[in-house]
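Given next, in C-alpha cells, is a single chain: the form predicted on its own.
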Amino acid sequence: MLILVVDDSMVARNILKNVLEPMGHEVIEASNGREALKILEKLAKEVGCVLLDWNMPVMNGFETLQAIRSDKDCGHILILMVSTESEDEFIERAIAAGANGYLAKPFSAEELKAKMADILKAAKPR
C-alpha cells in the first residue's frame, strides 16, 4: 500500500517510514498539510493511507484531515492521526472528523503495527 506520512519532523517521518517499509508499504512524505494536499491532487487514487501529525506549520493535521475528508477523490483513503496531542478531546475531534484511528506519540513499532492492522482490518468490506 502507498502511504503518505505527513509530519513537520523529519525524525518522526523517518521513524514511521522505518516501521512501515519493512511491513511492505511504500512511503511518500510531506512536511505539512498543504504539501500533503498537493501530493493527493496527483496521487489520490494510489494513496491508501495517510499518517497525519496534528501540530504542523502552514496547515495543521486537523485542517488537513477535514480537507481530505471533503474531497470525493479521497474517500477511500484511511487516515491515522499520529500526534503528541493525546487528550480525549483531540482524539474525539479527529475521529468525529473522519480519522480511522489515533496513535499518541511516543509509540513503539509494535503499537504502530497493531494500529495499522486495526484500521486495515476495519476498512476491509465484510
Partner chain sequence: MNKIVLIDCSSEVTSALAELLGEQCSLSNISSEDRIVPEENRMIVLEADASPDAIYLKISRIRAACKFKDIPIIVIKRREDRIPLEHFLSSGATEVLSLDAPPGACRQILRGHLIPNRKPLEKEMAYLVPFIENTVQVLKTTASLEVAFREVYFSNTFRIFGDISGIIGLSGESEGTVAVTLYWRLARNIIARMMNVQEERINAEYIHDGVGELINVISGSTKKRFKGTPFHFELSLPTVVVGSGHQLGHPEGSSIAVLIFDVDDSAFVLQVCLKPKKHLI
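Note that the structure is a prediction, hence the values are computed from the model and not measured. Numbering follows the first chain given and starts at 1.
Absent from the display: the form predicted together with its partner chain. The rest refers to it.
- When contacts are judged by a 4.5 Å heavy atom cut-off, Ala117 does not count as touching its partner chain in the predicted complex.
- Although the partner is absent here, Asp73 lies well away from its partner chain in the predicted complex, with no heavy atom inside 4.5 Å.
- Among residues of the shown chain, Pro106 is one whose heavy atoms approach its partner chain to within 4.5 Å in the predicted complex.
- Taking the partner from the other structure, its partner chain in the predicted complex has a heavy atom within 4.5 Å of a heavy atom of Glu87.
- The contact with its partner chain in the predicted complex, taken as any heavy atom within 4.5 Å, belongs to Met56 out of Met56, Ile79, Ala36, Ile68.
- Residues are counted as partner-facing when one of their heavy atoms sits within 4.5 Å of its partner chain in the predicted complex; in 11 to 36 these are Val11, Ala12, Asn14, Ile15, Asn18, in sequence order.
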